[in-house]
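Take a look at this single chain in structure tokens; it is the form predicted alone.
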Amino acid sequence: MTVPLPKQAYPGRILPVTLPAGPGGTPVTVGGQNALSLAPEGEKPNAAAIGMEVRTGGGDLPPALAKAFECRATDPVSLAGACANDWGAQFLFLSLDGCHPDGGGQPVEEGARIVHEVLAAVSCPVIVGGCGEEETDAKLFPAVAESAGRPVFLSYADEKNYRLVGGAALAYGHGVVAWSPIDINMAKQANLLLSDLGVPPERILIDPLTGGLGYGLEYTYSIVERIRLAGLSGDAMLARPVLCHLGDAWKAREAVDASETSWGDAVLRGRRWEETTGWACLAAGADLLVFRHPGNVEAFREAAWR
């Protein structure tokens, strides 16, 4: 006798959010579901979106990424074009880490110029990330918001800088990624602060901070799942699409160390490390996944998880 699996019904629904595209591009809409991503029940009008990161800073690449990017890694505009046109990324996450004092120290004007050139070169939606240094980002976000030329999402706003980032977004018609350090209460607070500032709910994404496999992934999984379940249960401040940036997967020694030959091929190992992190985030309820390896973009876009 076959016993049917129980089905869970939720009273809430995740708010749909659309990432705007450039001329001729395809906007990306996520959210709208009333069930977990991989659950058999519920309505899921929009599949999870798969994007790629483009970094403006230098630095050595892990073996897997060096082989995949070839000579494009030093030219963010060329790499952005490959991500969007050759590798099938639905959106880009343009990280201005080159403006960080320890990442090259590019002037704010240079960062804004790169953003403008990337947006002119690709038509897909773009999320623009700061460099992570507070004083530099305080100048960078307003400059990017003014010079972008078309709507983007600014990443990220937290309890410290939400007025600056949210204000820049409101002034020029951009969206905002609300960031919190793997804490559901802080995730809700960031959304409350942005909402009080006047940022429309359909222009806010949640970034709960993503730890890589073996380096905090279990905490990320728990928080993403709790955020999603809270939103589905009726908490409007947490009923927003979740973005998981998988870059931390490449900080793991197991993903980048080519000297440990007993661990297997470093090129394949690095890609699989990021892939595993991505599947876990998707199962927890993530709506947007930001990869660095083009092979993982293809694999996830071909998967059927609706």
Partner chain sequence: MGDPGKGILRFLPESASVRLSPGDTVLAHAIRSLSPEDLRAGIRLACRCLPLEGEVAVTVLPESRPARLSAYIEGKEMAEDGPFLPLHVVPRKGIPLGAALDAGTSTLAGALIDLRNGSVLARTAADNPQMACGEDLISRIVFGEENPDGFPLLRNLLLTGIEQVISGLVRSSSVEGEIVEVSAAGNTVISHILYGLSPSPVRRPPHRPVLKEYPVKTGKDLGIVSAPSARFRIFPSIGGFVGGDIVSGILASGMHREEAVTLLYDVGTNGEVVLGNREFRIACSSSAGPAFEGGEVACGMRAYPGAIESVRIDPVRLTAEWTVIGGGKPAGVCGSGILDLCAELFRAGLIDRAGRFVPRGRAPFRETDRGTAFVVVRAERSATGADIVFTASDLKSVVRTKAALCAAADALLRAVGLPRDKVERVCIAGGFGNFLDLRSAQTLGVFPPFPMKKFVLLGNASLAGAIGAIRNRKRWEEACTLCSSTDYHDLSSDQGFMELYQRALFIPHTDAESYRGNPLPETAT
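Positions refer to the first chain, counted from 1. The model shown is predicted, which means the values in this text are computed figures rather than measured ones.
Keep in mind that the form predicted in complex with its partner chain is not shown, yet the notes after this line are about it.
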Answer option from D183, E110, D75, E117, heavy atom within 4.5 Å of its partner chain in the predicted complex: D183
Exactly one of A138, L193, A121, L170 comes within 4.5 Å of its partner chain in the predicted complex through a heavy atom, and that residue is L193
Could you tell me which of 170-178, 88-96, 193-201, 143-151 sits within 4.5 Å of its partner chain in the predicted complex, going by non-hydrogen atoms? 193-201
Please check if Q189 has a heavy atom lying within 4.5 Å of any heavy atom of its partner chain in the predicted complex. yes
Across 154-169, the residues having a non-hydrogen atom within 4.5 Å of its partner chain in the predicted complex turn out to be E159, K160, Y162, R163
